[in-house]
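Coming up is one lone chain in C-alpha cells, specifically the form predicted alone.
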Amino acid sequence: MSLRMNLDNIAVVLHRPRYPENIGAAARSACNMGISRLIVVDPRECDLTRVHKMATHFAADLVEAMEEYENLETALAPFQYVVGTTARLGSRRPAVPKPRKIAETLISISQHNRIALLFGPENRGLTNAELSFCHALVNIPTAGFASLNLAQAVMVLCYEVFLASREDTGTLTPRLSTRRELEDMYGQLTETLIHINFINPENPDYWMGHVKIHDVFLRLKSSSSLTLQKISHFWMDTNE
C-alpha cells in the first residue's frame, strides 16, 4: 500500500512566542511548505499588523485562520501525536531524532491522526514539563551555536515534512488517542492507583512520573494496543 504524508493533518503550534514578527515569519514558512494550520498559545504580543508584515500577502489566509489558545494543554487536546522541538539534550530528553527521521515516521501517522509540531518560546525553548505532552522529540543539528530563530526552526522542520509528503511508504498507523483522551485516561488511572494504595495520594503527580506511566502509554502506538497482557507486564516491571 502506497502512502504519502497528509499535510492537511499537520499543524504548527507556537508556544508563548515573544514577537509578532516571528509569528508572521513562521506562518510564511508553514505556508511555503504546504501546511495550512497555525496555532499560537499564550503569545506575549500578537499585533496582527506586525504579524501580517512578516507573513506577507502570501500567508495572509493562514494568519487570518490562526487559532489562539491561553494554555498548551487545551491547544494540544485534539491532537493524536505531538512532536516537540528541543535544542537541549540530556537524560530527560533522550534519543532525539533528526528532522528527516521524524518526518519519515510521520508519513504513516498522518493518514488518520492530527499531528502538532510544537515550538517553544524564543528565549528558552520548551521546558521538561511542556515536553511531557509530546510523543516524540526532535533536535535540529547545528555547527555549534544551537539557538535558531523561531521561524528558521519552523522552516527546517516543515521542509522535511514537505519532502516526506512527496515520498511513498507502505506502512499504516491506525487512529491514535488524542491528548484529551489520554489525559482523561491518566486521571482515571491515577484515581484507581490511589484507591488500591499503589501510589501515594499526597503527591500522585510525582508517583505517576516516577514510574513513567505517561511514557509507557505514549510508546504504545495505538489505543487498541492497550492489551491486558502489556499492561500487566508493565506493572510487574515497575514493581521489581
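It should be emphasised that the depicted structure is a prediction, and the values quoted were computed from it without experimental measurement. The first residue of the shown sequence is 1; numbering continues from there.
Beyond what is shown, the protein has a form predicted together with a further copy of the same chain; the following relates to that form.
- In the model of the complex, a further copy of the same chain lies within 4.5 Å of some heavy atom of Asn149.
- With a 4.5 Å cutoff on heavy atoms, Met155 counts as touching a further copy of the same chain in the model of the complex.
- A residue is said to contact a partner when one of its heavy atoms sits within 4.5 Å of a partner heavy atom; Pro99 meets this definition for a further copy of the same chain in the model of the complex.
- Contact annotation for Cys31: at least one heavy atom lies within 4.5 Å of a further copy of the same chain in the model of the complex.
- Comparing 79-87, 139-147, 126-134, 113-121 against a further copy of the same chain in the model of the complex, the single stretch with non-hydrogen atoms within 4.5 angstroms of it is 139-147.
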